[in-house]
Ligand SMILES: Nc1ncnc2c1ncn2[C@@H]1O[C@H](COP(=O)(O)OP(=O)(O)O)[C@@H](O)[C@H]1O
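Consider the single chain below, provided in structure tokens and representing the form predicted on its own.
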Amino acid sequence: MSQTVLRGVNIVSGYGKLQVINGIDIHVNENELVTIIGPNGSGKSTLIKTMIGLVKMFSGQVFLRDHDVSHLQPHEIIRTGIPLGYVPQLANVFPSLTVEENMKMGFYTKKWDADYSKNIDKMVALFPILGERMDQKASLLSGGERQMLALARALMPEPDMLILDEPTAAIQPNIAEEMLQLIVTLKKELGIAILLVEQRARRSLELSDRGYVLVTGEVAATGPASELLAEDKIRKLYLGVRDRNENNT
């Protein structure tokens, strides 16, 4: 039976005195791809940022494996020893650094030894285009290439858990589909748990094991992705006929 990698219990959080998340329970198991969908302003990004210490949690608990990381800062979570990869939305690379230097930044939690070269080789195998651009500044990469670099950097320390905040934002639809397919490949080949916030709701659910639908900071529905896709109310309210950003082909 698979174990739970990330679990949130009755999470309440927000900004200043503004409460955005209103008592959410969520979990992600080993080798599982879980998608969070919902309308703009529903608290999707706030929820995942709360779970990794970037947004203040008013109450509730968060567990990474058996470690209670509730109310810890990101650097304190890293010290638990559970490798966690996080890719924020859009501004997620260091533009003045080269591709290789960006990857190296993802390795700072480990000792500088032979593993560095080994992991670089792994990333080049996963993202061949980055292998051709190792000495280029990240600022010269396309939007899709930057997203690949952000993913590669997050994977450098070989995390048990990968958290992605809208990885297809601001990239062309065909590249967005490639990115989503790549995320599925990462789950299969690396065997890691993935929590995904994604604007392409229908497509992301089609590729996921389970899903959560957030509305005004609360879980409106959760379950196997196939069941959410089949639910009439969810299709009409949150999925539409097609994703707005999806190709018509």
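For clarity, every value in this text was computed on a predicted model and none was experimentally measured. Quick note: we count residues from 1 along the sequence shown, nothing fancier.
The protein also exists as the form predicted together with the ligand; that form is not presented, and the subsequent description refers to it.
Trainee: Any chance all of V5, G60 and T80 sit within 4.5 Å of the ligand in the predicted bound form, going by non-hydrogen atoms?
Mentor: So, no: the whole triplet misses the ligand.
Trainee: Select, from the options 42-50, 62-70, 26-34, 187-195, the stretch whose residues sit within 4.5 angstroms of the ligand in the predicted bound form by heavy atom distance.
Mentor: Stretch 42-50 is the one.
Trainee: Name the single residue among V20, A225, I11, I234 that comes within 4.5 Å of the ligand in the predicted bound form, judging by heavy atoms.
Mentor: Contact with the ligand in the predicted bound form is made by V20 alone.
Trainee: Q89 near the ligand in the predicted bound form, any heavy atom under 4.5 Å?
Mentor: Flag for Q89 set to yes.
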